[in-house]
Every structure is written in C-alpha cells, then in structure tokens.
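Take a look at this single chain, the form predicted alone, given in structure tokens.
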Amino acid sequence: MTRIGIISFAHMHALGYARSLLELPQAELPGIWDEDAERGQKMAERLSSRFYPSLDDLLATDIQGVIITSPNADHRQHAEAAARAKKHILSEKPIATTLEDAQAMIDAAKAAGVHLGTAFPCRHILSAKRIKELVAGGDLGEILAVRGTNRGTMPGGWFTQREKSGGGAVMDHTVHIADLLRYLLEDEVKTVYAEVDTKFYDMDIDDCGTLILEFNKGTIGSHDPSWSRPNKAYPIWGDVTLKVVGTKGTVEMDALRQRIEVYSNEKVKTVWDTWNESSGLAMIADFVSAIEEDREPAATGFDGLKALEVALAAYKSAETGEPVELPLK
C-alpha cells in the first residue's frame, strides 16, 4: 500500500486529488498538513484522515510521497522540505513562480534521490493520448499549426495576489496547454509573442491574454488562457480544447465534450454532468505507480519548468511588445 500525504488545501484541486487517492485500492491518505489549521482539520475529518499541525510531523511519518497543493509561491519551500525527508513529490502546477525556484525543486529532489512530478492531468485525457498516437504515427503528416484554449472562471483568493500566484490568468492557464503541446509534438517552444491584459475584472492582475508560439521544428501555435468564463453563470470551471493541423489531416479535441446539460431550479443555472474518464484520477494513479515502480511520473519537474518558462516568456513579451526567445536567460 502506497501512503501519500497532502501538503495544503489552498488549491481547489487538492480535494479532487485526495478523493482520487481514496478511490485507488493501492493508495492511502494517512495524513494532511495545512497552513490553515482550521481548514486542514475539517478536510482531515471529511476524508477520514489525520491532520498534522506541523509539516515536519507529517513528513516524519512513514508516508512515501506528498502532493503539494499550496499557493504557487510556496511550492519550493514545501518541496525542499519533502525532499529532505526523502518523500516523493507531486507538485501542483505551475511548479513554481520563478525558474530559479523550479530548478531548486528539481535539484533538491535529485540530491535526495526522490522523484518530482508536476500535476499536468491534461496528459492523461484519453482524446489527448489518441492525438499523441496520431501525431507520433504520422497520420496527420507534418504538423503545421496548433491551437489551444484553457479558458476558465476567475478563481479569486490568492490566485489574484501576485506575490502568491506569480501572475494571473496567463500564469494559471498557460502551463497546461504549453505542457500538452510539448507532450504531443515532442518539441520545444522557440519563441513566444503575447499580449496580456485585464478586461473582465477590476483587479491588479491579468485576466486574459493571447499567446503565439513558434516551435523548433516550425510548428506555429496559438493559445487563449483567459479567465473569461462568467463565475456565476458558467456551468463548470472552464475548458481544455485543442486543434492540430497537419499536411495529411486535422484533428480537434474538446476534453469536456462528453457531457449532459442539466437544467435545474435548485442550481439556478445550467450544469454539465460529464461522464468522461477522470484525467485527475489517472494522473494520481500514475504518481502512485511511479513510486511503486521507482520511476519518474508522466510529467516531471523539468516538464513543469519548461511550461513555466513559456508563461514567464509571455509576460516578458507583453512588457516589451516583442517576441521572446527561449530558453530564457
């Protein structure tokens, strides 16, 4: 049985990851730590787990790994603490808010001999895996262009506090698509041009943007990472879509297309009841298996760093008005 602890419930994905652990017959959730003790205690009770008021106390137990779902800027300190305790790590995306912090996390895991993964569930979407097969098999020919969207509702809270999040919508929703495109194309981003702005909300952080990406092999990509979906009216948190155009064919993906639209007076808005396989559950299962098999998770710390680099380049491009070359210096 693989025993996994959770570090912080500050991120909304933490509860879903915890439930995924409980669904897996080979995994356990014996312990939780949270910087908000009241929240941590409530979650421990809700999940039939144990709350540890001290992170060191949680890390001193016999857990084999941790899932870090604290605010983005805190990932480094929590990953380094877990590495010192010889625990394998799955960090919520973005892996950090700076390349320096991301590299420090990678170095700490390597020095401790533990595995570091980044939470990129989009790699586990079944339709994304099918596109991967089509691209790798040459069915689409030479890939000329790609278009991705990860548009969502505005999460509020620390996500809109730059010192905690590292950025707004572009930071929050660029890394998923950046990683998915690297995974599908097996190629690195060469240049990033971006326009970033605040159009939907009255706040001091970006809520929308448009990215144009050029890959080393010549593929051109575009991406919309906006918080453009209305918080009260939209049926779900957002979307993940992709279009891949090749010389032999074109394929499109909508990750949430398998759904029933429910109209309910109780909810006072349309609700999407989806039935597609949970990519989050598949990602957590991969992390557990990686620990059992002593291998790297599907998306590594390096993958997290490269996706973060695209988001940071987008901000730099928006500031200068010019394309930015990667890797960043």
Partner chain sequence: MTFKVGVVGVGMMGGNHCRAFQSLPDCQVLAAADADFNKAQEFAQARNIKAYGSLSDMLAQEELDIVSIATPTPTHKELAIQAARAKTHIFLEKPIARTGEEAQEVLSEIETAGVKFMVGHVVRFSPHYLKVKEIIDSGVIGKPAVVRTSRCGGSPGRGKTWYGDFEKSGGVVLDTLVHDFDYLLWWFGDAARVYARGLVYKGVEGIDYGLVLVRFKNGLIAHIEGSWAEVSGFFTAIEVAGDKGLITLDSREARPLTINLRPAEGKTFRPQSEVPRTKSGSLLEIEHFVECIKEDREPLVTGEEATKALALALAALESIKTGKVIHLDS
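Positions refer to the first chain, counted from 1. The model shown is predicted, which means the values in this text are computed figures rather than measured ones.
Beyond what is shown, the protein has a form predicted in complex with the partner chain; the following relates to that form.
> In terms of non-hydrogen atoms within 4.5 angstroms, which of the given stretches 180-188, 210-218, 74-82, 122-130 touches the partner chain in the model of the complex?
Replying inline: It is 210-218 that comes within 4.5 Å of the partner.
>> Between the partner chain and Asp34, Ile68 and Ile106, in the model of the complex, does every residue show a non-hydrogen atom at 4.5 Å or closer?
In response: Heavy-atom distance to the partner chain in the model of the complex: none of the three under 4.5 Å.
>> Under a 4.5 Å heavy atom criterion, is Asp139 part of the interface with the partner chain in the model of the complex?
In response: Judged by the heavy-atom cut-off of 4.5 Å, Asp139 is well away from the partner chain in the model of the complex.
>> Quick check on Gly148: any heavy atom within 4.5 Å of the partner chain in the model of the complex?
In response: Looking in the model of the complex, residue contacts with the partner chain include Gly148, since a heavy atom lies within 4.5 Å.
> Is there a heavy atom of Trp237 no more than 4.5 Å from a heavy atom of the partner chain in the model of the complex?
Replying inline: Looking in the model of the complex, residue contacts with the partner chain do not include Trp237, since no heavy atom lies within 4.5 Å.
> Using 4.5 Å between non-hydrogen atoms, is Arg229 touching the partner chain in the model of the complex?
Replying inline: Yes, contact at 4.5 Å.
>> Do any residues of 249-281 have a non-hydrogen atom within 4.5 angstroms of the partner chain in the model of the complex? If so, which ones, in sequence order?
In response: Going through 249-281 in order - heavy atoms within 4.5 Å of the partner chain in the model of the complex - the hits are Gly249, Thr250, Glu252, Arg257.
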